[in-house]
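In the block that follows, a single chain appears as structure tokens, in the form predicted on its own.
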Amino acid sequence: MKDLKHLYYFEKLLEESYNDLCRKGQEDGNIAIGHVCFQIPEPLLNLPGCFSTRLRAPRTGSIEMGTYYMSSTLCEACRAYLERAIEGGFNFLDCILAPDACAQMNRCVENIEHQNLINKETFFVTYADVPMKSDETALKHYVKQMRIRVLEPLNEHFGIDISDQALRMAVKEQNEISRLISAIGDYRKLECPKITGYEFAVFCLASYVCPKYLIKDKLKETLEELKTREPDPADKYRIRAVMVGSEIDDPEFIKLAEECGALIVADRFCFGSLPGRQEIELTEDEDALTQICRTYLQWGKCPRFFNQEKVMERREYVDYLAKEYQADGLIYEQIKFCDYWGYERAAAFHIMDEEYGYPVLSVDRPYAVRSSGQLRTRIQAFVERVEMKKLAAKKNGRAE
């Protein structure tokens, strides 16, 4: 396919934690908020006068110092983020608002806080207790935590408007971005997709790390461009796959899978678009904060939700995506030492195969995957296995 006009621009933005648009956002007078988890609703971090950018460590090399402070048996992503903070890569942040969701990520943020790795006088960190269920009792607790751990500190420290009207404005802005990202992602459903999984991952990730108002125009142009883009032939990729798992904040992993012949047609991983880039529907019958929190509880597909309803919901959602995006198989991935996704991946490897009938690849991957020959070999073997299954099914169909 012909290169997309703005792809290189967005790729360059993803090369640095403190990218050009974050600089521009601060020059415009906005507060930069670091966030680490889906459990803090994005609109609360993008109120008028501030913007959110998720912590990530692009072009990671050594993580020796992060490992020194956190040990070698904790999540590589958390260690990489701490390493980047020690290097000064997050000094532009005005605060970090973290949920008490993942103990390993909390250790990372606590190290940043207690070692004073971000040297702004006004810098602060908060931790919010977020629920592990999605019932009405959990919702009430969630709303209270978001008010006292997110909204009130922003108002106290920076004078940010946290009114119901301001929340609705933030939702409106996010919905505009979500509509664009979702419309771009829908082109992956086609028999001959007009956008690759890697390209989509670049655009989607940029919407999590840049001020939203500064990327809107280029996303609109990209959507218009896709309407007339000539797709690759159907046989360009050997199989179609759904990527499921822990956070992927480097699209290089998606590129690696596609170089092996597996077109990634749906992104059911942390900070992907499914869920996360659907619209938030607000009514006038209830306050905006409660509706936002309810939406995020309903969207939540993190394995930290242990209740049986959520466990089944996660499986059914992956099954739905595989059918909706015409996938031939599933790739479950986790960053090394991720506790929640470690359990989820181990169970899903058998359940999605034996009960739902999908070929499944289960990988425990390093944070930085660029030079992983082992990953490449495993994905290539999976692609061949799925191809053989497709050929056998086709042959049996002819025989009948």
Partner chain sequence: MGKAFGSEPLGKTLYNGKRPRRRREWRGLRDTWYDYTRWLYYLFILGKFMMKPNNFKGFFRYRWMSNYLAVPDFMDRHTEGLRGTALRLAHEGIGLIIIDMTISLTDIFKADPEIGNDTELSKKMVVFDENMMSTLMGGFRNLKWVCYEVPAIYTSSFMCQDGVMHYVDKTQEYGVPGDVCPMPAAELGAALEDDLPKIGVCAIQCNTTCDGSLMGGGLMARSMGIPTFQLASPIRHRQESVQDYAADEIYNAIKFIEEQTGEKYDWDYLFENMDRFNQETKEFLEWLEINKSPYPQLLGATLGFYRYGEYMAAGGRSPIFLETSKKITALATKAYQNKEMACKEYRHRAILWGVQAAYYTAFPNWLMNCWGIVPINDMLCCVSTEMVSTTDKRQALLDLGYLYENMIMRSRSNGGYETGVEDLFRICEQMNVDMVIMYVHIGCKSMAGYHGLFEEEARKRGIHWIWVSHNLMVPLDGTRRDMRTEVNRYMRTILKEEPVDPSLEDFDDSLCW
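Positions refer to the first chain, counted from 1. Keep in mind that this is a model prediction, so the values were computed, not measured.
The form predicted together with the partner chain exists for this protein as well; it is not shown, and the discussion that follows is about that form.
Contact check at 4.5 Å (heavy atoms) against the partner chain in the predicted bound form: all three of 73, 132 and 340 pass. Shown alone, this chain has one stretch from 248 to 256, 277 to 285, 211 to 219, 296 to 304 that lies within 4.5 Å of the partner chain in the predicted bound form by heavy atoms: 296 to 304. Proximity to the partner chain in the predicted bound form, defined as a heavy atom within 4.5 Å, singles out one entry of 187, 92, 198, 127, which is 127. Contact with the partner chain in the predicted bound form, judged by any heavy atom within 4.5 Å, is made by just one of 260, 138, 160, 226: 138. In the predicted bound form, residue 334 approaches the partner chain with a heavy atom inside 4.5 Å. Within 4.5 Å of any heavy atom of the partner chain in the predicted bound form lies no heavy atom of residue 122. Under a 4.5 angstroms non-hydrogen atom cutoff, the partner chain in the predicted bound form has residue 144 among its neighbouring residues. Looking at residue 164, you'd find every heavy atom of it more than 4.5 angstroms from the partner chain in the predicted bound form.
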